[in-house]
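Read the single chain below, which is given as structure tokens and is the form predicted on its own.
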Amino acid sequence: MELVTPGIGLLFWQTVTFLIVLFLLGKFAWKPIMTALHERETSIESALSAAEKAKLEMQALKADNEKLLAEARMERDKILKEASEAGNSIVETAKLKANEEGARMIEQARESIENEKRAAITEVKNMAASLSLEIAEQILKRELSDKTAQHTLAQDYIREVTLN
């Protein structure tokens, strides 16, 4: 096999054709291709920038959501604490009122018992006085039924009165 060396004319026309194609590509195709590549590069950069911006916004939203959740939890805990304190306060108030009412009722019962006791003692004293009068009346009737006993009793009273 033998190597064929191209002729000078062929090389000249290939070079001229290459330069014409290069000129035409540079004139008509190179600018649109470069413009398209530049636009694509710009759109990719803007898409990456938008993605980064969206990522940052998502992180900010996530942080805001975490903050809102934390605030909501704190508010919930505060409300629960206040409700618990209010419930405890109501229970304590009810206990105090019940104790006060119980003490008042016990005091009223004591006063009522004391009044009943005084009334009973007064009634017993009245009954004792009444019985004593009846007994004294019976004794006096028996003692004074005869005349000599009446005369002796009158003399004794007169002696007592004159001695005093």
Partner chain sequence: MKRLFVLLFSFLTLTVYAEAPVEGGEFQPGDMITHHIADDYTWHFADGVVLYLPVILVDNGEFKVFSSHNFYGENHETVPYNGYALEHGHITRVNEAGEPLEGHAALYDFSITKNVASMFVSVALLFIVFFIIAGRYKNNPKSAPRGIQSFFEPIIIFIRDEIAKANIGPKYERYMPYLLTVFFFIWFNNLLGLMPGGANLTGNIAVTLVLALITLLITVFSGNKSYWKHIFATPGVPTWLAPIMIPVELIGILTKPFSLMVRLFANITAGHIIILSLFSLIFIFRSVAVGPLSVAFATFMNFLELFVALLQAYIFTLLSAMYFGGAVEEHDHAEDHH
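Everything numeric in this text was worked out from a predicted model, so none of it was measured. Positions refer to the first chain, counted from 1.
Note that the form predicted in complex with the partner chain isn't included here; everything after this is about it.
Listed residues I33, A54, A103, A63 were compared with the partner chain in the model of the complex; I33 is the one with a heavy atom within 4.5 Å. Among residues of the shown chain, V161 is not one whose heavy atoms approach the partner chain to within 4.5 Å in the model of the complex. The partner chain is not drawn, but in the model of the complex it has a heavy atom within 4.5 Å of L37. In the model of the complex, at least one heavy atom of T17 sits within 4.5 Å of a heavy atom of the partner chain. In the model of the complex, the partner chain lies within 4.5 Å of some heavy atom of L22. Residue heavy atoms within 4.5 Å of the partner chain in the model of the complex occur in exactly one stretch of 112-120, 54-62, 40-48, 131-139, and that stretch is 40-48. Residues V4, T5, P6, G7, I8, G9, L10, L11, F12, W13, Q14, T15, T17, F18, L19, V21, L22, L24, L25, G26, F28, A29, W30, P32 are the ones in 4-32 with at least one heavy atom within 4.5 Å of the partner chain in the model of the complex, listed in sequence order.
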